[in-house]
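Shown next as structure tokens: one chain only, the form predicted on its own.
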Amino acid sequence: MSDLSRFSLNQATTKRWPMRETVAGCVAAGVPGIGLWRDQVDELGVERTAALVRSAGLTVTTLCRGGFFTADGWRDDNLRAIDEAAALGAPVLVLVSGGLPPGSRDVDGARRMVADAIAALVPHAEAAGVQLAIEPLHPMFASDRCVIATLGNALDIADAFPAAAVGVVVDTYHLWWDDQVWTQLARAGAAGRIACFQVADWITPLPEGVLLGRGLPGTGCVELRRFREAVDAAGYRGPIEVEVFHEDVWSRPGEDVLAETIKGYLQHVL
């Protein structure tokens, strides 16, 4: 099978590939979609990036990221992120909620803060036509990056809002370990909550700092095809983004990484 119709390159995978080269590389490789990151969009600015991607015929699948609701100025930053997503034609803004507030040990309270923050953003997101997507991260990130640690956590918050306004991100790197994930995927699908499906492998040993431990498809231990089949069974028919953070991947030429990413996607995800 060589179908790339659902494939999307998340810019994190080729982090050091400049925007114009990334877009040209996607076109040359027959890649239809791209997941954008706000810091990389800043290279050209929102308007120029939007024009570049449109002229290339690429579909923007997501914008990363909003969230970090314990940071100073979180509300204004997230409102800007929603506006940027709308301007770029990204239907989904990925939210990484942030960890515990400074000095706090109250995980339940932090999750309530996330729900309250999302409630404050929903009217603006609905007006802009952008779906907010809550991304659960692996529990090792709960203290400093994301108190939403399971798909069930994310769905419990999302359920308070219309599905068109708030969905969830299914990221294999963060969810592969959870024996409840298959039940929660069915729950998410039944409610129409799967906003984004992201793929990365889990490789060990993890590097120092653990954030950059993601692998290209097929290089680790995750049952990637099982996840793809499960999200399909749940009714998701949207893009499949490959999103990898790893220093060794970033150090290589972007076109080489994209070629290996596509090969891994075709062999291990489809």
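The shown structure was predicted, so the numbers you read here are calculated from the model rather than taken from an experiment. So that there is no doubt, residue numbering starts at 1 and follows the sequence shown.
Only in words, not in the display: the form predicted together with another copy of the chain, which the text now covers.
Interface residue among 113, 100, 155, 191, judged by heavy atoms within 4.5 Å of another copy of the chain in the predicted complex: 100. When another copy of the chain is considered in the predicted complex, only one residue from 159, 106, 77, 83 comes within 4.5 Å through any heavy atom, namely 106. Only one of 214-222, 237-245, 53-61, 25-33 lies within 4.5 Å of another copy of the chain in the predicted complex by heavy atoms, and it is 214-222. Another copy of the chain in the predicted complex comes within 4.5 Å of a heavy atom belonging to residue 138.
Remark: residue 183 does not count among the residues lining another copy of the chain in the predicted complex, judged by a heavy atom distance of 4.5 Å or less. Among heavy atoms of residue 210, some come within 4.5 Å of another copy of the chain in the predicted complex. The closest non-hydrogen atom of residue 163 lies beyond 4.5 Å of another copy of the chain in the predicted complex.
Annotation for 3-20: no interface residues with another copy of the chain in the predicted complex [heavy atom within 4.5 Å].
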